[in-house]
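Given next, in structure tokens, is a single chain: the form predicted alone.
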Amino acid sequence: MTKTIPVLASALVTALAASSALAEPDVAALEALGKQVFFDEISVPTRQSCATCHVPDNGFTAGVAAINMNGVAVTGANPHTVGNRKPPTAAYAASVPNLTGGFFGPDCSLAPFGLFCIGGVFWDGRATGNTIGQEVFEGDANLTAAYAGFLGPLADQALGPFANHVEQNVPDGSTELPGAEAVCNHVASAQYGELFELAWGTAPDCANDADLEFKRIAVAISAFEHSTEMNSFSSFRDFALANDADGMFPLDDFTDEENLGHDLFYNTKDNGGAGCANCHNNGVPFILFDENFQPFQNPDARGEEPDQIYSDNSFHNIGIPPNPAAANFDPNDPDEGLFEFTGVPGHEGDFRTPTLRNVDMRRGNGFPKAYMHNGYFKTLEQVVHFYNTASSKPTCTMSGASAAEAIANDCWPEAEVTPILPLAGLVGDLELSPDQEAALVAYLKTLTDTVIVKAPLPYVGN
């Protein structure tokens, strides 16, 4: 017996070392797994992936011209099914916090009006960041330390499409998370399946713990969406700011029109601007209050932060007209946004403030895009003109007027959901000239990244 002890001990040490190596967190493997899944057509029938609706070279929004011009919502894996909203961008959401009621407490349902709801993704904030928790780490302190930053709204959001029969149509595999077992089995048998084991230390146990493994796959997608690929900060604005002599606006590399657009974006109406940064701004507070509780513009909020994402991560109703051309549009059943998730009076018609990064990224010159949750606007010029004139023009008398028709007739349709809290001074009566509108559009076009995410090559292993 004494002669075999060293052999057994040696084998035990070897096994423990191997186990430790497998359990060592590998963020690169987790990101790579998430990217593979993001581009993999895990659907029934096999034709739909995350990238189908979130097309990288179109700003991670819908990339089919006919859909952007008409139905807006992308058809599902089953082509006879379609949603009712435009796909939001999947980029630059890495800093979005869990949905809360802001200073009203942890629950958004406690907040009066959507503007006091902070965080969450999807247009209505229903991916709150509170679905996937520490259970995915099973008490492993190393995994927790390395991957906990990927929990939150993006991980929660990644669970949704697979379980949505309008989107990827993956059949039920679990009574708790539809599609969990099917997605787990697909990933486990894929060429890139070993990335799961490299990232999590064990192969996915789809037969006994599909729900847990499905959540780990969602965390991997979130890790990819947190990566520098998805958050490259590589726009002309970023380069011009970095190259500027003093790192402050006006920027040396900007045209006079682009610098004017920036000033209009950050100046309030009282200061001769548009006040866009009231909502499309992160970082330093845009509005401060003096000793008499009177608001005034923070002079430091000038958009010179390198990591500016141009969103307050909140919800607002700006009075967007209905889009009769949108799929599943029903004039008797308006889309009430945040209210449909929270059921809280005052949240009707509130939608999440999107980032403005890549707002003009498109698949070639002239490729059509759609803007807002219902795709009512088709150009940035239309969007800016609406913000400038929505409440200063008469209501259109023609039914179902498109944005182009409304502008041609110098009117705007009534809002699909009338705002309870009109955003006076921010939407609809900005008194901008045509040249100022054009300058705002010029500035928005400087926010297009030069780095385009490419689909991964087929995985060949280590």
Ligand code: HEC
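A residue's number is simply how far along the shown sequence it sits, counting from 1. Note that the coordinates shown come from a computational prediction; the quantities given were computed from them, not determined experimentally.
The discussion below concerns the form predicted in complex with this ligand, not included here.
- Candidate site formed by 117, 344 and 445: none of these residues places a non-hydrogen atom within 4.5 angstroms of this ligand in the model of the complex.
- Only one of 276-284, 134-142, 249-257, 233-241 places residue heavy atoms within 4.5 angstroms of this ligand in the model of the complex, namely 276-284.
- In the model of the complex, residue 403 stays away from this ligand, with no heavy atom inside 4.5 Å.
- Contact annotation: residue 48 falls within 4.5 Å of this ligand in the model of the complex, judged by heavy atom distances.
- This ligand is not drawn, but in the model of the complex it has a heavy atom within 4.5 Å of residue 353.
- Using a 4.5 angstroms limit between non-hydrogen atoms, residue 30 is distant from this ligand in the model of the complex.
- For the candidate set 111, 180, 219, 74, a heavy atom within 4.5 Å of this ligand in the model of the complex is found for exactly one residue, namely 74.
- The listed set 122, 192, 339, 329 contains one residue whose heavy atoms approach this ligand in the model of the complex to within 4.5 Å, identified as 122.
- The single residue of 303-317 lying near this ligand in the model of the complex is 316, the criterion being any heavy atom within 4.5 Å.
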